[in-house]
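To begin, one chain is listed below as structure tokens, in the form predicted alone.
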Amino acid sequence: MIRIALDAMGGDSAPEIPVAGAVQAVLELPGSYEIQLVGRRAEIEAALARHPDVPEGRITIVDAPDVIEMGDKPLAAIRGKRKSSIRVALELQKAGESDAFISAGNTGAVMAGSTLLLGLHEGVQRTAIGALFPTRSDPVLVVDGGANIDCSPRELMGFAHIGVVYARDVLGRENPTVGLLNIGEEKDKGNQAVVGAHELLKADKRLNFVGNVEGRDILGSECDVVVCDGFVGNVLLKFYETVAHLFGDLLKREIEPEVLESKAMGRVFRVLDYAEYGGAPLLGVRGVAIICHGRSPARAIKNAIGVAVQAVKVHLSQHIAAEMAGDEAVA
């Protein structure tokens, strides 16, 4: 039985949305797993009462009376609010009582708590967020999606390795290709960190490195994993979210309603919708941690649970440990 600890107090509409997502998961997703709803018991029970069709024994409640708010300072909150839903949920995994953690709450607190309580695998200098971007074919994984503002060449190479493991294990890419996000294809383009990372990535025989890629290449399926620092990755992620909404709004304004309601258009909107991808994995920690958007609907929480279950099934954390242990360049 796989146990998934879900922060029931995380997100703009907690606990209703996390609870609804958990219910959707146990009703729709295949597999044998249990969801641990972590948060204020009374509020969770009230939200669960609206879902009388929950299968018995599939959802449990773990009481955590404190909540880390979005405006709280991440590290101070993790250390000070010891009974917060984020900390209690992570401690379940640390104690071996849970196999994965999901939260749509304070991203900084999730990163700080995961690093502090779960720790990093040996050889991982910094944990990184893996953000999935839709393309004309299969989604591409962008690492880092916002955890690290300034990165050294060695850290960027580390992102490539942990991203490759995720692409192989969870996305099913047999020999993932890696591209380095830059302002040009030439190896000497970009800042010092990117130029240095290009040299390291090119020399690393364990990586299927295809060279520099530009922003226009990401949605064109040029590679499976795109490496960049968290500043660039987060700007890219937020910009894409806006473009996806703009595209949807334009279609709704210009296309006839009967066309918009067709199955073909439904498939297009699903590709553009971040809820389809669930959440972004926090890669490099000793365990499984998934970060969801604060505005995630129940469907996104459900899909994040599916991602977490898959990560546990394929032993993602153990494989990242093995990948980094075999990489002397980033040890």
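In case it trips you up, residue 1 is the first one in the sequence shown, and so on. Small disclaimer: the values here were computed from a predicted structure and weren't measured.
Unshown form predicted together with a further copy of the same chain; subsequent notes refer to it.
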Open item on the list: Taking any heavy atom pair closer than or equal to 4.5 Å as contact, tell me whether G211 reaches a further copy of the same chain in the predicted bound form.
Closed with: no
Open item on the list: If we define contact as a non-hydrogen atom of the residue within 4.5 angstroms of the partner, is I218 a contact of a further copy of the same chain in the predicted bound form?
Closed with: yes
Open item on the list: My question is simply whether V124 lines the interface with a further copy of the same chain in the predicted bound form - judged by any non-hydrogen atom within 4.5 Å.
Closed with: no
Task: E174, heavy atom within 4.5 angstroms of a further copy of the same chain in the predicted bound form - done: no
- [ ] Name the stretch: of 83 to 91, 162 to 170, 114 to 122, 185 to 193, exactly one has residues whose heavy atoms fall within 4.5 Å of a further copy of the same chain in the predicted bound form.
- [x] 185 to 193
Task: Check all three, L181, L251 and R295, heavy atom within 4.5 Å of a further copy of the same chain in the predicted bound form - done: yes
TODO: Identify, from the list K202, R79, R206, K238, the residue with a heavy atom within 4.5 Å of a further copy of the same chain in the predicted bound form.
DONE: K238
Open item on the list: Can you list, in sequence order, the residues from 123 to 162 that come within 4.5 Å of a further copy of the same chain in the predicted bound form, counting heavy atoms only?
Closed with: F133, P134, T135, R136, I149, D150
